[in-house]
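Encoded as structure tokens, the following chain is the form predicted on its own, with no partner shown.
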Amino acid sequence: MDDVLILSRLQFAANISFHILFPTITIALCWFLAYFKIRFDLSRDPVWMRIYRFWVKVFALSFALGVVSGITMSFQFGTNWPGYMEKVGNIAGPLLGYEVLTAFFLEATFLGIMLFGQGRVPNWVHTLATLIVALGTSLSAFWILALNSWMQTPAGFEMRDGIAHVTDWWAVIFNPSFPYRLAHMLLASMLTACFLVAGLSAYRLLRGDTKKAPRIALKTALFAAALVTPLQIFVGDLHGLNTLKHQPQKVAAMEGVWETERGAPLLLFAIPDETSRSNHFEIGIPKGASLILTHDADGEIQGLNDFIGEHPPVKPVFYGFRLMVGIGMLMLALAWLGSWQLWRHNTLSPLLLKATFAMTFSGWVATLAGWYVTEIGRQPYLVSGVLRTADAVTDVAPGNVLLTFCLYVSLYTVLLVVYIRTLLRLARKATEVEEINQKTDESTTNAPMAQGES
């Protein structure tokens, strides 16, 4: 059973790690598309349509991979974690169903108009379709985060004969951690999209693309990141306070605190050792953790030794949290420095262009690090205080799980490499494509508006 548990957890981790990459892009990228399209509608400047045309391709590719990987991931609830649906299916099933019936159907209905309707439907219909798809992606995040948050801080249910039954759907959906997780994830998606747009635009400029489209897209993305990053830090602080209240063992692992103490230091670096239940090579700021988490330099933080047998593995949570915060600080520095240069000189230096390109997929790294902190930090429970992970795992032969795990990892590795190569190829080809379409855009802009566009 230990082998099956480890392999099943690894398999689900591989699936969720691959899947989350694409919704993290599409949730916010579609709002960028709506912005680009509205700017075109208001100004009739063809550059906005060229920006829209390029990024809608990226959105379509990302959306397709997100849907496909999401479907295969959902199969594992039955194949690898049958105990999950048996015990909490009365809650998980409807929430997943609501996501399909509302968000996914909304996206699927209007996605075709958004991707293929330009020039075939009135312009206002196409713009409306883009806005509705953007709303659908955010609504999808709402339902998925409602379920995930409930697994972290379950509420609004009662256990009858070992099965969870809903007593208050409002409490289930708006459980104690849900508002913080939803806001944190939506802002993470916005930052991921900001640096993807900025990074690929910088790549085009580095390759000698001198047109307005990549420069405007770069400026839009960096200005947005400069505004969103501080907001994400603020929401992250609120989220941390909520986690300290409801999941103190997770916070203790994040901060590497073994003994309950007041004035706990903020560890910049350490090597946690679960055998000796201590840290090696600590480098920290005195009383920093207490100040950040309790807003009191002498505030008390519970230690991991108060939760022996009930706390998560320490190293992945400890290091994952620092990786997430470190990437966030780099994002803040680049966004503010880049925005200042663009404001003062209307361009970025070659060095900053290269740094922006290097940060193209930084949102992925930060999101995955934060996701690992969230999910590993819930262990040893699948649903906190209700269902242990070991009690929900399948009893199939370990060899079967190992086979599917290897197949998933192999396939996802190939798809990820192809996806990144395709994005870079789209960026390289954008110059020729836009030169061909520029005359069409300008003739369309100068022509009388079609019936229904007034």
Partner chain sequence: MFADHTLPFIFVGLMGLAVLLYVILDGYDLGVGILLPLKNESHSDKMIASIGPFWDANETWLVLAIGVLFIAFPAAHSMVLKALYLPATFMLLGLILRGVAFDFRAKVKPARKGIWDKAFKFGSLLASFMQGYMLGMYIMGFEQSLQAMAFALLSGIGVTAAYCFIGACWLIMKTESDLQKRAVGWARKCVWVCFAGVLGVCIVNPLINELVWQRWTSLPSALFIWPIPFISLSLFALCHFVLNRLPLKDDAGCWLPFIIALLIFLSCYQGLAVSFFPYIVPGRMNILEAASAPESLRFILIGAVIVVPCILAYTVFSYRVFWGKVTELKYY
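Residue numbers count along the first chain shown, from 1. Just so it is clear, the model here is predicted, and its values are computed rather than measured.
Separately, the form predicted in complex with its partner chain exists; it is not shown, and the next lines address it.
- This chain is displayed without its partner chain, yet in the model of the complex the stretch 422-430 from 25-33, 44-52, 422-430, 383-391 comes within 4.5 Å of it by heavy atoms.
- Only one of L231, I271, V100, M159 comes within 4.5 Å of its partner chain in the model of the complex through a heavy atom, and that residue is V100.
- In the model of the complex, its partner chain sits beyond 4.5 Å of every heavy atom of L238.
- Using a 4.5 angstroms threshold between heavy atoms, R39 stays clear of its partner chain in the model of the complex.
- Residue contact check for A333: none of its heavy atoms lie within 4.5 Å of its partner chain in the model of the complex.
- In the model of the complex, G299 stays away from its partner chain, with no heavy atom inside 4.5 Å.
- Looking at its partner chain in the model of the complex, residues I6, A14 and F361 place no heavy atom within 4.5 Å of it.
- Contacts to its partner chain in the model of the complex (heavy atom within 4.5 Å) from stretch 83-115: M85, E86, N90, A92, G93, P94, L96, G97, Y98, V100, L101, T102, F104, F105, L106, A108, T109, F110, L111, G112, I113.
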